[in-house]
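Shown next as structure tokens: one chain only, the form predicted on its own.
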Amino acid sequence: MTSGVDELLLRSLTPSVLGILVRRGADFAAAEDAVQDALVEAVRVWPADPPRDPKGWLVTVAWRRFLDAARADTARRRREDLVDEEPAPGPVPAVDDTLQLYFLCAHPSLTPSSAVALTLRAVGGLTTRQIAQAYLVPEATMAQRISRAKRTVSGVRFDQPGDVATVLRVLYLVFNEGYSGDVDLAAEAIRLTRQLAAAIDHPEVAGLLALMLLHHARRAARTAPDGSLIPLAEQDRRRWDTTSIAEGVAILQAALARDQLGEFQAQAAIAALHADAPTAEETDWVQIVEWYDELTRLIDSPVVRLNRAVAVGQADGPRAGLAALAALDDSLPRHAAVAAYLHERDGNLATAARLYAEAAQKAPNLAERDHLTRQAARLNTRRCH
């Protein structure tokens, strides 16, 4: 897409246009292809001849593309009695199909990576190239992944109720990818979660939106000019986005007031406590441990227990944190990094340096590896002096 067209407008219209085609009888995979064709045509035509009704224009063009493809495909000739009559141009009914599309794209038969890719294409309106760039895979690989996903969901009834938890998991996966290529996936995940929150009144949807806003608010302070990671305790809190923090806290408070606690609300409460502390030293670690206890009751995952061990180490001292850590499998991702941090706080620099170096070898990305390597080097330098 180019700067001559309002890309955000096109992407925001994508789910409703796709939904209209599916409700008219189009197969999901064919409808999605037709909508993508219409988006490409909009980029070509709109700069010189902008439509008065962008959504109506996209529906008309996408429907014609779908009919052309259906008529050209001999395997679909039997469907022509269903789709032969083109609806007259005019105002498009204001039916929001976004919610059904979310559920369709987060279908349980899809792998998480396929569900994410399909959501970004069908609901987010991103091109295959943009999604491939964001996930650092070849465009052909992403095209195959999306095609398989579309075939999988093509036979699914469009009006079946979906699982909100699965949809939220997909959006959370998108958010955690952060930024790469020319698409800011964290910002895209926030946009899509706002869209979902507008379509469904659910405290966990609000909880996820609050969590995203609170985490995203710290983004500018997370890296130094050279790209190196800055740990939470060392971040310049003046660089945090106070508007996003205020919005996230307000959304979270309204969700918590409904007394239907879920994992994303609990995670957002922890993020809010970090955001609320004027300095790292003033963080209310005791309350953070209490929220981790709530979270382990909701989802007793090793990752949650690992993060809880860090909080215990802050609230009750490093040895209490190491005791909590001892109950966990040391092959867990970030286990060595957490152990290194707690041993350093306990004054055991030799063990901490060795564990930082070990953690660096297992780091999932270059920035984290560099950060952990520098931590090990810093401690080794201190021990030599």
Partner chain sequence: MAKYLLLKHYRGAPAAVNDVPMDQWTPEEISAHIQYMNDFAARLEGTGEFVDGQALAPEGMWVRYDGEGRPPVTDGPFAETKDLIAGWMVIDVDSQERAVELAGELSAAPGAGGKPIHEWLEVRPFLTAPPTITE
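Numbering follows the first chain given and starts at 1. A quick note: this is a predicted structure, and the numbers were derived from the prediction, not measured.
What comes next is about the form predicted together with its partner chain, which is not displayed.
For the options A324, A357, A70, A42, the residue carrying a heavy atom within 4.5 angstroms of its partner chain in the predicted bound form is A357. Heavy atoms of S12 never reach within 4.5 Å of its partner chain in the predicted bound form, leaving it off the interface. In the predicted bound form, at least one heavy atom of A376 sits within 4.5 Å of its partner chain. Contact check for R24: every heavy atom lies farther than 4.5 Å from its partner chain in the predicted bound form. When contacts are judged by a 4.5 Å heavy atom cut-off, E282 does not count as touching its partner chain in the predicted bound form.
When contacts are defined as a non-hydrogen atom within 4.5 Å, all of D226, L366 and R369 contact its partner chain in the predicted bound form.
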